[in-house]
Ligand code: NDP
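One chain comes next, on its own, written as structure tokens: the form predicted on its own.
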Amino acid sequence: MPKLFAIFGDPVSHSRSPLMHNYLFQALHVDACYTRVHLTDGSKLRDTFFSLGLSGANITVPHKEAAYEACDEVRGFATTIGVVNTIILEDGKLIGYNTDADGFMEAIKPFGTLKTVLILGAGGTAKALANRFLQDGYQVNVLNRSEERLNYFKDLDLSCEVPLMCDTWKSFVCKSYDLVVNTTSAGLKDDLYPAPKTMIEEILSHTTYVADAIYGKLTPFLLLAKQKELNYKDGADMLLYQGVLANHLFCEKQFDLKTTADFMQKSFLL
């Protein structure tokens, strides 16, 4: 019987993950299939996983923190951040990983050397990236609408050697940044900005590079970056590289990362 994998999210109909993984499964003759699961309640992730008979899954917004709670065991970088985007069924247990951060770092390599980063949003993706940036010695500023979600980052600041700054929209004072990253869902299924437009315009006037975790469309945020003639990236490369690392786990490391990346990259041409 073929193994079944899925991506959980809300929304999830836009996800290219099934195309990426199924293209590789077919090309490399892996007896497996990958589908989408629209999940509105993250607390039902574990039960849904088992009821569908899945062998593994990816998790996208807004369920990455719920996925962490759903796991029996968490390994690697995910243990540091409390955020899971990849789950593997192993001996009847759910094992959680995070491939987002490493995938993003691979995606921004063309930007060259970076030192200062502004992260817009304070959800699961923001947590993963902030930890990874701090790990690599970046100076990080997190900007979020509400104060409550910033508490995680304030606690993080107490344990890291490199200063981490947290601001709400009310307290924010714009500085200069090498990179600004939108990790919110603003622009995914609407025409919203990740912060008030005037604030975003000021921020984009003080940065060199811009990235958005959203892929497949030019969000209002990226459109402004384009109009200002900034170097920008949508989330397609992040999607690709996190997917490569996730599939490496799905296929029990049967194929090397380059082979996996080459085939998944070809799926973007379809």
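In this text, residue numbers run from 1 along the sequence as written. Just so it is clear, the model here is predicted, and its values are computed rather than measured.
Below: the form predicted together with this ligand, not depicted.
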Among 58 to 66, 30 to 38, 43 to 51, 203 to 211, the stretch whose residues bring a heavy atom within 4.5 Å of this ligand in the model of the complex is 58 to 66
Would you check, heavy atoms only and a 4.5 Å threshold, whether T125 touches this ligand in the model of the complex?
yes
With the partner left out of view, is F133 within 4.5 angstroms of this ligand in the model of the complex by any non-hydrogen atom?
no
Might R149 be said to contact this ligand in the model of the complex, defining contact as any heavy atom within 4.5 Å?
yes
With the partner left out here, check for me: in the model of the complex, does some heavy atom of H14 sit within 4.5 Å of this ligand?
yes
If you check A186, I81, V74, C166 against this ligand in the model of the complex, which one has a heavy atom within 4.5 Å?
A186
Contact set, 233 to 261 vs this ligand in the model of the complex - heavy atom within 4.5 angstroms:
G235, M238, L239, Q242
